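The chain below stands alone and is given as structure tokens, in the form predicted on its own.
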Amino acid sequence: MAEEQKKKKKRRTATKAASSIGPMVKDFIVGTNRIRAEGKQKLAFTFIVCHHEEILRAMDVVPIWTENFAGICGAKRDAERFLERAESLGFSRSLCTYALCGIGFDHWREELGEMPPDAPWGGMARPDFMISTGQILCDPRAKWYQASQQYMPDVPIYNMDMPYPLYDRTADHREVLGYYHKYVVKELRGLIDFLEKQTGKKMDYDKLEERVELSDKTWNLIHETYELRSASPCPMGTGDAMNTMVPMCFMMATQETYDFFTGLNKELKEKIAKKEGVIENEKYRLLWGGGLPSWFALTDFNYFNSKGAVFPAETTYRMVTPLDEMDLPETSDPVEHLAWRWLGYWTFWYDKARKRPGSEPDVERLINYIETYDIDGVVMHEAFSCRTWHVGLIWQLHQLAKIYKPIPVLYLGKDGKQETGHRELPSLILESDIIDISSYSEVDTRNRIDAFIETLESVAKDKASVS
């Protein structure tokens, strides 16, 4: 990697809470290595957004979030050597670079019998077992750990399938929810059986229920806290949310996470009372409409800020929806509740989409955020190696242009008279990757942002002319 690519500018945060995340993640990774050395707890490789964290914590199993570690390597601009090692093993760079980074790291660690030199924050500890999922959320969820198991043949894998009902405008998803619920419950109970065998302990269901209740309470708190960002000026943007997502995605069902969002909630309310925004002169409110960020280029959010633009909302890593609006069936079984919550989360936008002609759940969510957060434009990021999570983003923008009420503008017709026309909600598509910095051009990215800001300025002038 070129020396200039290794240099990392520090992103400016708008909240104290976001600034505290770096040390929190570092302590977590250092802690997993300490646990490995002590051998008193079991460590498990696992993925985010699987709704099984309560089960792990109730069983006293410590998760190692492999996607998170790859993201850290990317943010520290130290992923290339692990990507190259994976390529040397026959894996294509076109595959998920999170997975490639993790596989390359695992191979190097196993080959050395110790951590690779200068491993970020001490490196990713060797797991006791791995929990993959055949979920249709991203490509490597069923195959990543199988690839790593080639270098750790003594480490068992449990593959948990966590599906969600596909959207059908002509049918009510409730007609099949019972079937899906039974299936998800079976998968979760299979995970518990696997963990009991691996740990030699039986599940404490009272402890599990406590963890589930704590995470439910935290879900509602996170939703309330993120809704505060609809205030004008916006007290926290997406740049900070790419930090505050850490407790939400990697530390749920813990008192630490509840306390973190209690503090963030208080901080945002104080900023709102003082009318203190992300920037002093807020001109444009943007929606991060889809795509994982380039972890090595989070300073791009500061560049947007320098142009008077803020991001009050994002679809990425917003992993909660209001529980009281899900209409979840009552149950005294925490495993059944986890299954209902999973299905409620993934089908949350189905009914709303059916009420709007031509809408789809993903598009309906965009419309909701546009209206709730008074959005002026939409930004999306196409990461070349993350296909499943990013496929359809351009289609969503096309659908949005058809559904969202156009902005009326005045212009001069052919005869020189003023006429009324329409302009779409401006959108910008950035292109790069999640951790492969060789895909990124700061000059090209900033030029695209500049052109987008000019479009926003033009729209603002047109709106002013007809108001």
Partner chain sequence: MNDKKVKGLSKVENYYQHYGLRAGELNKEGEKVIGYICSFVPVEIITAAGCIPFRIKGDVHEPITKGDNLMETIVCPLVRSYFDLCLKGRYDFLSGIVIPHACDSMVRGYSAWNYSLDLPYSYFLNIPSVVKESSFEFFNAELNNYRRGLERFVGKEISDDDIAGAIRLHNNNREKAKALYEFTKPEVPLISGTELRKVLAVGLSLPISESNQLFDEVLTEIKERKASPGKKGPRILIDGACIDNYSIMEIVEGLEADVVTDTVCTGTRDYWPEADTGIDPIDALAIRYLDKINCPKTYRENRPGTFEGDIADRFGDIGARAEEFNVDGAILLVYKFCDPFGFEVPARKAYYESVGIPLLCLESEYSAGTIGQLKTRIQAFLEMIG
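Positions refer to the first chain, counted from 1. Please read all numbers here as calculations on a predicted model, not as lab measurements.
Not on display, but discussed next: the form predicted together with the partner chain.
With the partner omitted from this view, the residue of 345, 258, 303, 167 that lies near the partner chain in the model of the complex is 167 [heavy atom within 4.5 Å]. The contact with the partner chain in the model of the complex, taken as any heavy atom within 4.5 Å, belongs to 95 out of 335, 242, 292, 95. In short, of 152-160, 202-210, 248-256, 312-320 it is 152-160 that has heavy atoms within 4.5 Å of the partner chain in the model of the complex. Across the proposed site, 14, 20 and 121 without exception lack any heavy atom within 4.5 Å of the partner chain in the model of the complex.
Remark: residue 350 does not count among the residues lining the partner chain in the model of the complex, judged by a heavy atom distance of 4.5 Å or less. Interface membership of residue 100, defined by any non-hydrogen atom within 4.5 Å of the partner chain in the model of the complex, is confirmed.
Residue 140 belongs to the set of residues with a heavy atom inside 4.5 Å of the partner chain in the model of the complex. Using a 4.5 angstroms threshold between heavy atoms, residue 297 stays clear of the partner chain in the model of the complex.
Taking the partner chain as positioned in the model of the complex, the residues of 349-363 that bring a heavy atom within 4.5 Å of it are, in sequence order, 358, 359, 360, 362.
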